[in-house]
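Next up: a single chain in structure tokens, the form predicted alone.
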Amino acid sequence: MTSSSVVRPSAAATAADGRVPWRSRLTRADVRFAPYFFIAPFFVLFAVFGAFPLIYTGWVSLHDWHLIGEHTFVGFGNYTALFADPDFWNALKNTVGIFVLATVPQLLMALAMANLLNRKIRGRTFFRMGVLIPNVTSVAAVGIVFGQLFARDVGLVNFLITWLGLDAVDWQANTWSSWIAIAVMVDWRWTGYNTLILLGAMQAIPKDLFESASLDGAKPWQQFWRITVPLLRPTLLFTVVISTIGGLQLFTEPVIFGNGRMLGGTLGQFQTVTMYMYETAFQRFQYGYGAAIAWALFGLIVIFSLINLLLVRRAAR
């Protein structure tokens, strides 16, 4: 068969007058534009519920904004007042302190539990499902239970402390004690969630690598640090960023620990930035100042996320 007898698709799809039929044009348009239509819903929802509120909050932060009345433009006046506000720095100190106390042990425990659940143990499926139970439990129920556990007079934790011969602790009265109590509550809720994420990544690592390492005489802990941890770097980066965002936006746990009050204790010893933002915007009705706090928190999350990314990448090399 000669090359002249081969019917090309483009020639067959072309009409007698030289124009491309509408079905061919529709097919080409479908191939070209269909991917954009498939991903468009996400970007539309993000623009409406993500980008627009973020930009609008930034605009509000540049005004002396009240619910009723005029909105006076003050420029960066709210930010100037914010950086000179001792209550904001106190809330920032509490946020960072609770974040460090909660996030670092949380990720370390999640990594250890994922490594344990990745091994052949009895009841492995039961334990894998069980680690997620704290995450699906009602936050209000968690707050009530931990409020009873850390109660000053009748709490189980103080009962164990006094049984060991130590003095009882007023967990809400002091800064460090309240930080520890809230960090324990956060770790109990979110360690299992990070465990399952890391476990899924561990199961994707080829088993041949561990078999080869065993033949070369590598011990289990050497395989963990030399094979598992380096190959988990992308997942570790993800969990670190997610934990950073959640830790710096901490709101529900300290609010419930403080019996629903936004002050975070009598002296604000466990008031976080989000609690201070809520108090300013929705209890004092200073919306412009509250919006400035929200943008300061956004910048703080970006900075801490970048720092954690650099630290994790350097540690996983």
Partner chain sequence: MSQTKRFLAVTVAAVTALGMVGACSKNTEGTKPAADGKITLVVDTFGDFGYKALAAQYEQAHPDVKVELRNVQKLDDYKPKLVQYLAAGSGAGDVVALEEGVLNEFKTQPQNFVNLLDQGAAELQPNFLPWKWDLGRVGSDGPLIGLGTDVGGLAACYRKDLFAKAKLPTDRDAVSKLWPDWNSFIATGKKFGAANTGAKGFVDSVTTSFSAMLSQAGDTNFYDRDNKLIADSNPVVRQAWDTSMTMVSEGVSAKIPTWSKDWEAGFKNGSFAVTMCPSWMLGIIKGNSGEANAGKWDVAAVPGGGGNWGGSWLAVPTQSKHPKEAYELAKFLTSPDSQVAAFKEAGPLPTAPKALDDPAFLALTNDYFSDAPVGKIFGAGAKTLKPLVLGPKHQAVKERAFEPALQAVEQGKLTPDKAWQQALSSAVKEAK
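All values reported here derive from a predicted model rather than from experimental measurement. In this text, rigid core is short for the largest set of C-alphas that superpose within 1.5 Å between two forms. Residue numbers count along the first chain shown, from 1.
One more form of this protein exists, namely the form predicted in complex with its partner chain; it is left out here, but the text below deals with it.
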Using the partner position in the model of the complex, report whether Trp190 sits within 4.5 Å of its partner chain, counting heavy atoms only.
-> yes
With heavy atoms only and a cut-off of 4.5 Å, decide whether Phe43 touches its partner chain in the model of the complex.
-> no
Within a 4.5 Å heavy atom cut-off, is Thr95 in contact with its partner chain in the model of the complex?
-> no
Applying a 4.5 Å heavy atom distance criterion, does Ile256 contact its partner chain in the model of the complex?
-> yes
Judged by heavy atoms and a 4.5 Å cut-off, are Gly123, Leu199 and Glu211 together in contact with its partner chain in the model of the complex?
-> no
Since exactly one of Leu116, Val104, Val139, Val229 fits, which has a heavy atom within 4.5 Å of its partner chain in the model of the complex?
-> Val139
Name the single residue among Tyr278, Phe52, Phe33, Trp59 that comes within 4.5 Å of its partner chain in the model of the complex, judging by heavy atoms.
-> Tyr278
Of 181 to 189, 218 to 226, 201 to 209, 72 to 80, which is the one stretch near its partner chain in the model of the complex, taking non-hydrogen atoms within 4.5 angstroms as near?
-> 181 to 189
Sequence order please: the residues of 296 to 313 with a heavy atom within 4.5 Å of its partner chain in the model of the complex.
-> none
When you overlay the rigid core, is the Cα of Leu45 off by 2 Å or more between the shown form and the other one?
-> no
Relative to the superposed rigid core, does the CA atom of Gly260 travel 2 Å or more between the shown form and the other one?
-> no
